[in-house]
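Starting off, we have a lone chain in the form predicted alone, written out as C-alpha cells.
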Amino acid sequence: MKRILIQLDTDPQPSVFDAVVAIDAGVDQLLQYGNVKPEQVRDLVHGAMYTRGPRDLQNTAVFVGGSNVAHAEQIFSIVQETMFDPFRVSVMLDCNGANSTAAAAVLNAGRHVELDGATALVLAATGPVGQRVSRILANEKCKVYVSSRTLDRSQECVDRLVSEGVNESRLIAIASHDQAWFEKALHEADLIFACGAAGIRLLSEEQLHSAKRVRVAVDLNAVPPLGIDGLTMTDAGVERNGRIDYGALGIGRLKMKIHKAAVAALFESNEKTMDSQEMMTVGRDILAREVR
C-alpha cells in the first residue's frame, strides 16, 4: 500500500522545501493543501481517517507546516483532537523547520558539553526556533537564560514554556539591553545559541570573547550579518578560541537528516506524534548510528 502524506500548510503556497524532503524520505503520494484555516482541519483529517481501514492507517500521515507558527500549532492541535481510536494517523509539526532545527542545534552542542547542569544563553529566544531551543534545553536539565529585546517578551516566552510543562526553575527571563543581567548571563554561559531573524547581529565578537566559560556557540542565521560576530555559516564543530562553533549550514546537515527520518518514522505506526522532543529522539538515534 502506498504511503500518503497530507501536507497542511498555513501559507497560500505549500512549502516546496517540505515537499521535496517528504519525497526524499520515501513518501509515495503527497497531497498538499495551502492556506489551511482551523475550521477546515476536521474535514481534511476525516478524509485521512476514514478512507483506509484501521490496519492500513499507518500508511497515511499528516505534516503541518508553514511560516505562521502560532496558526500551525493550532492546526496541529486540532488534528490531534479530531482523531480517536482506532481511527488515527501519525502527525508531524515542523513550521519553517523550527523543530528539526532546534533539535539539531541542541544535539550538536550536546556532543561537546554535558547538557544536564549546564547553563545556556538563548538569544532571540522568543522566536519559533528560540522557543524550541529553550524548551529542549530546559527539558535536558539546563539552566536557560531566555533573552529578548524586552523583559516583557522574554517573560511571556517563559510563561508559555511553563504552561507547556517546562520546569520554571530552569528558565530565567532577561532583556538583551539590560547590561547587568546580560553580562551575568554571558559570564555564566557554557552554551550560546543565536536564534534571531535573518541579518540581525545579536552578539559582537568582543562580547563573545568576554564570555570566558562558553564552550559551544551556535548561530542559526545564514544571512549576513550573522547573529554572532566571528562565526561563519559553514562552521560545523570548528574549534576557535577555546570553544566549538556551529553556523547555520553546519547545523543544517543534521537538521536535514532529522527532518527526513522524522517523516519516514511517521509510517512506522498510525499513532506517532512528531514535535521537537520527538525529533530529539530521532536525532539521537541518527548520531548513535553514525558513531557505530
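Every value quoted in this text rests on a predicted model; they were computed, and no experiment measured them. One-based numbering along the sequence shown.
Omitted from view is the form predicted in complex with a further copy of the same chain, to which the following refers.
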Quiz item: Looking at 263-271, 224-232, 36-44, 240-248, which lies within 4.5 angstroms of a further copy of the same chain in the model of the complex, counting heavy atoms?
Solution: 36-44
Quiz item: According to a 4.5 angstroms non-hydrogen atom cut-off, is residue 288 in contact with a further copy of the same chain in the model of the complex?
Solution: no
Quiz item: Hey, in the model of the complex, is residue 29 touching a further copy of the same chain, heavy atoms inside 4.5 Å?
Solution: yes
Quiz prompt | a further copy of the same chain contact at residue 19 in the model of the complex, heavy atom, 4.5 Å | solution = yes
Exercise. Please run the contact check for residue 52 against a further copy of the same chain in the model of the complex: heavy atoms, 4.5 angstroms, yes or no?
Key: yes
Self-check item: Full three-residue contact with a further copy of the same chain in the model of the complex, heavy atom 4.5 Å, for 146, 197 and 282
Solution: no
Quiz item: Mind listing which residues of 4-20 have a heavy atom within 4.5 Å of a further copy of the same chain in the model of the complex?
Solution: 4, 6, 12, 13, 14, 15, 16, 17, 19, 20
